[in-house]
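Heads up, the chain below is alone and in the form predicted alone; it's given as structure tokens.
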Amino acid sequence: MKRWGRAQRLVHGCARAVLTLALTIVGLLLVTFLIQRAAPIDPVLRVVGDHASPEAYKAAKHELGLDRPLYVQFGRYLGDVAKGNLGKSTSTGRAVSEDLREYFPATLELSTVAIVLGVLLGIPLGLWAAHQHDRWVDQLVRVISLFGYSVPVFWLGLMGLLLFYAKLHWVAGPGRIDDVWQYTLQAHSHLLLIDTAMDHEWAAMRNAIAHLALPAALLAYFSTAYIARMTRAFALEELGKEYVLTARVKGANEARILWRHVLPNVAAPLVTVISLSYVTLLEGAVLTESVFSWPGIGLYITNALFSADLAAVLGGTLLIGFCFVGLNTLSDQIGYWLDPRVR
């Protein structure tokens, strides 16, 4: 009977999560559709030109389906998105879906390396700061976190290029890889670290890492500041509870208390923090990609904005929105299984 009740709760929870996800995605699609229709750019004129005759304008409008009711247009839009048709970019002349397949992996690679570094540094720093509450270590971590929130990312990027690239020559310059390998590598996944490893191009991999190091470290610093700050806040709350006092009375050392007792109890909210930080890196790397000429989704959307390329802007926005919704749902489910109190 207990197993049946547990299975029912599991089915209801999964159904509720799927329904919430579906409604959120439909809402996101509705918002992008309405933005597209409310924009001051006439899509018909982008097709026929400013000097087209009224008959040509009317025929093009009918062919695009823009003379139909809004709900019909929205249904057609849903069908196009479901088939992967996000329109055609006027700035590149290609389908937006093809552009996103080429540009998004660069942002994904950069953000993934940054969030891994942020987690590896932020969680230990946050736990250490909580353990050393109001001591110099705690103050130092708080200053590092505050600096990460306060300094403009473009300024820090320019200073990093000036120091580590122009002066010290420790890293490679802007771009994703040198031109000598740019057009010779096979684009299996558009993830350079994976593609170079698959083709055993170790020299190209070292060059890609040299280009990746500085922008990834810059983004990792901002994610480290956020993760360390939140880890410290969660750990401080747990360190004041009775089970920590009990563990200390039993003779457990502080490292065991932090890693074996405190960290598992803050794992669920930390998953949400890491997920939000990851999404922020995916959607907020625009300035970093602009400074480092990194050919990712941020640079693609920026160039599309300057070119008034509405289809490319909305396609990129939609992709980032899908990432946000998917990661948020995934973090909720992981938190559900990590924390029995939530269940």
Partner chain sequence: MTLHAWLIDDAPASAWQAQCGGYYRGLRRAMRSPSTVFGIVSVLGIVLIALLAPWLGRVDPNAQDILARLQPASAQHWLGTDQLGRDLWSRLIFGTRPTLLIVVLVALLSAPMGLVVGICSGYFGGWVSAVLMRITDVFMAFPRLVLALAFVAVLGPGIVNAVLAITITAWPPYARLARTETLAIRNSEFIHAARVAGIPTWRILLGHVLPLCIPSTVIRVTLDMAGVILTAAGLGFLGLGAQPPLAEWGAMVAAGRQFIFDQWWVAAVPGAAILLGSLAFNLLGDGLRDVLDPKNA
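Quantities reported herein were computed from a predicted structural model and do not represent experimental measurements. Numbering follows the first chain given and starts at 1.
Below, we refer to the form predicted in complex with its partner chain, which is not included among the displayed structures.
By the 4.5 Å heavy atom rule, the three marked residues L158, L287 and F306 all count as contacting its partner chain in the model of the complex. Between the options A311, L281, V291, I274, the residue in contact with its partner chain in the model of the complex by a heavy atom within 4.5 angstroms is V291.
Shown without its partner, this chain lists L162, A187, V72, I194 as candidates; in the model of the complex, only L162 has a non-hydrogen atom within 4.5 angstroms of its partner chain. Taking non-hydrogen atoms only, G27 approaches its partner chain to within 4.5 angstroms in the model of the complex. Interface residue remark: Q333 is not counted as part of the site for its partner chain in the model of the complex, having no heavy atom within 4.5 Å. Residue contact check for A166: one or more of its heavy atoms lie within 4.5 Å of its partner chain in the model of the complex.
Although the partner is absent here, I35 sits close enough that one of its heavy atoms falls within 4.5 Å of its partner chain in the model of the complex.
This chain is displayed without its partner chain, yet in the model of the complex the stretch 139-147 from 139-147, 95-103, 250-258, 72-80 comes within 4.5 Å of it by heavy atoms.
Within 4.5 angstroms of its partner chain in the model of the complex, the stretch 313-337 places a non-hydrogen atom from each of V313, L314, T317, I320, G321, F324, V325, taken in sequence order.
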